[in-house]
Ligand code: EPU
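The form predicted alone is given below as one chain in structure tokens.
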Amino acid sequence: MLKVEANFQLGSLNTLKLECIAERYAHVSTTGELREAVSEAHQHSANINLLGGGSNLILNRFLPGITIHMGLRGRELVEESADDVVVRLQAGEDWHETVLWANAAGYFGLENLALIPGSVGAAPIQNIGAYGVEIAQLIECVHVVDLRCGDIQSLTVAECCLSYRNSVFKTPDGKHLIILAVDLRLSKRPFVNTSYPALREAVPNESATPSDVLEAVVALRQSKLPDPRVDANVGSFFKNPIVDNVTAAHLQREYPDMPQYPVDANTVKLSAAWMIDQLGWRGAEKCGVAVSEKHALVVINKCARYASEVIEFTNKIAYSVAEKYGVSLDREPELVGSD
């Protein structure tokens, strides 16, 4: 039977370690429990908040309604051919553990996405990506439950509308969908993707294996990014801004050293970390919140208790970037709850 707890403290369930009280909280480990929690929310006309690994959220002091902590676990092989497999991963599975599992099983393609914090269910929401690979390239379909009617559906990768750190699940059209499981198509034939410059430098050997790439990605991330289990953080705090070609050309003339990465024929991605670094924010600290010494995109909660302190500090960073470069920085983690 589903257990629902009142006034539940979520401080240990978010990687920023911010104090937050959930009005009501339920940990669900089966689809049946999930439906029960949703039904209870409907009966009380209560908001539904979803919690996975807590690695991409900024939790405000209070979460009204019912907070559903996704604990659905399991991995299974649902399709296999001579060349590839389709694996079904339940939403509550840890992402990095899943990458390790796939590599050990001889299912390849996830190596570049190693050590990204969070759960499987969060991967399509953010369209997680690293070192030249995005999860959009591997998704076969995403299984969801519709909060409005309780129906279970399977969305194709096209229906998920995946783009840079975005998806239908972050829009009004998809807010009513809860991810239950993700089907990924992975290769049985070993191959490596070292197109990303830093990874190519780390794995220069042309006979490198997927395991070599996996180890290199883990080493690179550990060298650049603080461990959220040690230093409370959500990974990259700001998205890399995407601008039009005219804006990019102007910035290149003004700042010749500014890194730029073409996205398509009309747009260019800029390095948020470079701009933050240039403005001297790396290592800066105020009110218990700091920019990591390791990476300018990572914001660490040293001793702040509430989201308002994190938001105040990071707003100053974004304002300084806008003032200097005329570029807006958007947060990657989602701010939820009330103050």
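Numbering starts at 1 and runs along the sequence shown. Remember, it's a predicted structure, so these values are computed and weren't measured experimentally.
Beyond what is shown, the protein has a form predicted in complex with this ligand; the following relates to that form.
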Given that this ligand is not shown alongside this chain, does A273 nevertheless sit within 4.5 Å of it in the predicted bound form, heavy atom to heavy atom? yes
Verify the contact flag for G118: yes if a non-hydrogen atom of it lies within 4.5 Å of a non-hydrogen atom of this ligand in the predicted bound form, no if not. no
Any chance G129 has a heavy atom within 4.5 Å of this ligand in the predicted bound form? yes
Are any of the heavy atoms in H295 no more than 4.5 Å from a heavy atom of this ligand in the predicted bound form? yes
So which of V142, V234, I125, I135 gets a non-hydrogen atom within 4.5 Å of this ligand in the predicted bound form? V234
Picking from E40, E312, E33, D277, the single residue whose non-hydrogen atoms come within 4.5 angstroms of this ligand in the predicted bound form is D277
Name the stretch, out of 187-195, 221-229, 102-110, 207-215, where some heavy atom lies within 4.5 Å of this ligand in the predicted bound form. 221-229
Within 4.5 Å of this ligand in the predicted bound form: residues from 315-339 (heavy atom criterion): E332
